[in-house]
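Here's a solo chain for you in structure tokens, the form predicted on its own.
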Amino acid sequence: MSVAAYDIPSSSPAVEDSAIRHDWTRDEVLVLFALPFLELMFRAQMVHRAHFDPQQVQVSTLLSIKTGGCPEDCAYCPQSVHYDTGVKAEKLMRLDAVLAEARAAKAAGASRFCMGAAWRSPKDRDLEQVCAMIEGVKQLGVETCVTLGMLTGPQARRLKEAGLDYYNHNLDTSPEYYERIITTRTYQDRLDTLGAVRDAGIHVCCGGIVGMGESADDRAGMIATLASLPVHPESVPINMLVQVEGTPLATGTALDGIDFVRTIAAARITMPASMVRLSAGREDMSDETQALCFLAGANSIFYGPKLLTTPNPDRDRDAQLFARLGLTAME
């Protein structure tokens, strides 16, 4: 596909003015993907600088508060009961243990503490325990985010009452490719949960995973879906697939690093004011690839040795990378 095919000029108003639109189409995102790489990076950096300090990156920590035993069949997930990955089902963590992890994360420089539970949807009794965790973490002066699966409206409102700042619920991929990855819940189920979270007044954290065998058209479809929501997610995690032995996606060709950076840039251009999160997969990325992601508009990472159950760069490596690039952590 050529850029000229859709007649988007190099001085596109959406780029120059960093206008926040909610009508992005898949074809328009494909045009961004097709731009010469340096032109795409230039446009993404212009948008990024219009909304953020380009030298600042938010540092978050992610903790699995309830690991394994999930009844969903997400093809990428080592916590699914459908796959033999060596991840054992565990009970919900104790409140004191979670707060100890949160204090350590804050001491290490994290300004957001994210908690994930491997549930299809939380039971109300479990939700109350999570709400106690949220309240405790908030008292430490740290932003809170949880991912617990599908929510009802009343459950979302209860989380809001507890002081939850963000709820994570990814779309994962395009509507068309979704059934190739997950069959135990629908795309609409995910959109309904996002609606319940938004209606409750909680900030939305929603993105996806790339490198699952999807096409560029699917990656564009995912970005266009996110960018055409009535309100953009305040946080947009872009994950590179981590291939885990035992899952259906354990083998396959890894996504080219430049194509991953293009996805980051497209997310930044189409959702100018959102935090674009460079999430899973950094363990296998070179420092140079990560630097390009920051140049493309990523301004958040997860700090610490593990993301739920998969590896993440250790803090020393991230600190050294920040120093080399002149980046600082948001407070």
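Each residue number is its position in the shown sequence, starting from 1. Model, not experiment: these values are computed from the prediction.
Separately, the form predicted in complex with ligand SAM exists; it is not shown, and the next lines address it.
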Thinking of ligand SAM in the predicted complex, which stretch from 132-140, 145-153, 92-100, 251-259 has heavy atoms inside 4.5 Å of it? 145-153
Taking heavy atoms only, is Pro78 within 4.5 angstroms of ligand SAM in the predicted complex? yes
Ligand SAM contact at Ala117 in the predicted complex, heavy atom, 4.5 Å: yes
Is Ala110 part of the interface with ligand SAM in the predicted complex - any heavy atom within 4.5 Å? no
Exercise: Leu159 in contact with ligand SAM in the predicted complex, heavy atom 4.5 Å: no
Students should find that, of Leu292, Leu30, Ala280, Val47, the residue having a non-hydrogen atom no more than 4.5 angstroms from ligand SAM in the predicted complex is Ala280
Ile202, Leu194, Ile209, Leu127: which sits within 4.5 Å of ligand SAM in the predicted complex by any heavy atom? Ile209
Is every one of Asn170, Arg185 and Leu241 in contact with ligand SAM in the predicted complex, taking contact as a heavy atom within 4.5 Å? yes
